[in-house]
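Here we start with a single chain on its own, the form predicted on its own, put down as structure tokens.
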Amino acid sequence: MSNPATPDGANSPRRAIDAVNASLKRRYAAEKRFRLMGMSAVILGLAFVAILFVDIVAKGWPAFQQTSIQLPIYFDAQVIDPEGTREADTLSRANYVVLARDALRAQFPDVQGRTDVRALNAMLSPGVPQQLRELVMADPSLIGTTQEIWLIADDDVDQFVKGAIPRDVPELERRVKDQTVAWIDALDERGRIEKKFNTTFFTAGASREPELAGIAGALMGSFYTLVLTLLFSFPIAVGAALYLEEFAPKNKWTDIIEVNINNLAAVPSIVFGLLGLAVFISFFGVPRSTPLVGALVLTLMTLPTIIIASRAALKSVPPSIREAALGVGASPLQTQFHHVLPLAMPGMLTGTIIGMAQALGETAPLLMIGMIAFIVDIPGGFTDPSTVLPVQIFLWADSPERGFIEKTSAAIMVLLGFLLLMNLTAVLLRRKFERRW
């Protein structure tokens, strides 16, 4: 007699295997879809970043060139130094505008009428007199001679030569009139108008004229601010991390301190700016718009980041190092300073550089303490009025002139270059000095 349960019993393992295989296929398909979604997200993110970088570089690259007009300048002694004293005060107060305008008028002797002459003179930048003044002050022997000098062109001429102002549109729709276009073409045919490397962008301070504006003041302000921030934050952060990690007792007070440090790392940066305005400027009377007050504010902002990184570096040092040092008679303080701290220093330096990079790119807290001021002179110390590169970018981005658009993008390129350099330095330091345990 046959057992009717046998076929069903034989098929049960097979059905279970089929169910498991079907489940595996679904799970593999889900995993494949998840990987595809993750890869798509990465590609999409990289594409957006690439588009951003391409847009910034495309807009900012022209700022590294400046249109100049070559003119034979006669350094007339009757205009510059009629008495022949060669005194610095006399040379400085001379009317150099006349020299430049006479040289330009000589290129177009047919230009008559007050309106046409004014339009012709407007082709030169308002900074040309200062350019000629600096040449004469540096070399008074130029007086009485004729020299071929490349003079800075006005920003409208510069934008037209670079193609930012189109030629093939009606005259009423562009800032450069047809007459000025004809003069530009004439100078181009004579080889007297060219695009040259824009040294002014790296050597000049802020200016209301796009062709005269530079980032030197902002760079020096950022340098002084970061130097003070490093001097203030690094010793305090390392000392706090060393105490909390190695010496502080584990109780509710240290727990509160640790929680507050972690919370401070997430506080919006503008809150630190308000704190600096209320405490450092209003209460302590620290000079406003200076690298000193900026460094104090950025120190408060970067301390949590450096403390957290330093504590992580201290934790990475094996306990055997401490035990061995204590075992040969070293005191706890000697153990930390002679053995643990040197081994943890690469990680601390990495965290410090990342904190400095974060401080370099901050704008909001510095706006609150007045570093948004229009500073023409390049700061020469820690208490001189100054601005920083991110704030300078913010100011230029708000300017209506077309020439400041490329200046803004070029300054962003410089800022990104510094940030990439600092992060690369942190990576190299970690790879060179980090020890694997």
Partner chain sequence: MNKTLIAVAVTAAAASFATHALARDAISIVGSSTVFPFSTAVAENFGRTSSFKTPKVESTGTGGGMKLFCSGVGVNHPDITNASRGMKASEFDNCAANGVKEVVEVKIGFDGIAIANSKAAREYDLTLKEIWLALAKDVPDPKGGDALVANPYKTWKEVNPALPDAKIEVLGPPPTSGTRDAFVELAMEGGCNAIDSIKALKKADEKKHKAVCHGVREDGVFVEAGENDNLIVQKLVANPNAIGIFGFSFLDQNADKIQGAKINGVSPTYETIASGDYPVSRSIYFYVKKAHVGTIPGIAEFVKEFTSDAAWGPEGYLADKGLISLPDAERAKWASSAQAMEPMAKPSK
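Positions refer to the first chain, counted from 1. Predicted model only: the values in this text are computed from it and were never measured.
Beyond what is shown, the protein has a form predicted in complex with its partner chain; the following relates to that form.
Heavy atoms within 4.5 Å of its partner chain in the predicted bound form are found in one stretch of 43-51, 30-38, 65-73, 376-384, which is 376-384. Within 4.5 Å of some heavy atom of its partner chain in the predicted bound form lies at least one heavy atom of Glu173. Its partner chain is not drawn, but in the predicted bound form it has a heavy atom within 4.5 Å of Leu231. Put simply, Val181 is far from its partner chain in the predicted bound form: not one heavy atom of it is within 4.5 Å.
Its partner chain is not drawn, but in the predicted bound form it has a heavy atom within 4.5 Å of Leu395. Interface residue among Arg208, Arg86, Lys195, Arg105 relative to its partner chain in the predicted bound form, by the heavy atom within 4.5 Å criterion: Arg208. Note on contacts: among Gly191, Gly113, Pro166, Pro109, the single residue with a heavy atom within 4.5 Å of its partner chain in the predicted bound form is Pro166. Taking its partner chain as positioned in the predicted bound form, the only residue of 233-253 that brings a heavy atom within 4.5 Å of it is Pro235.
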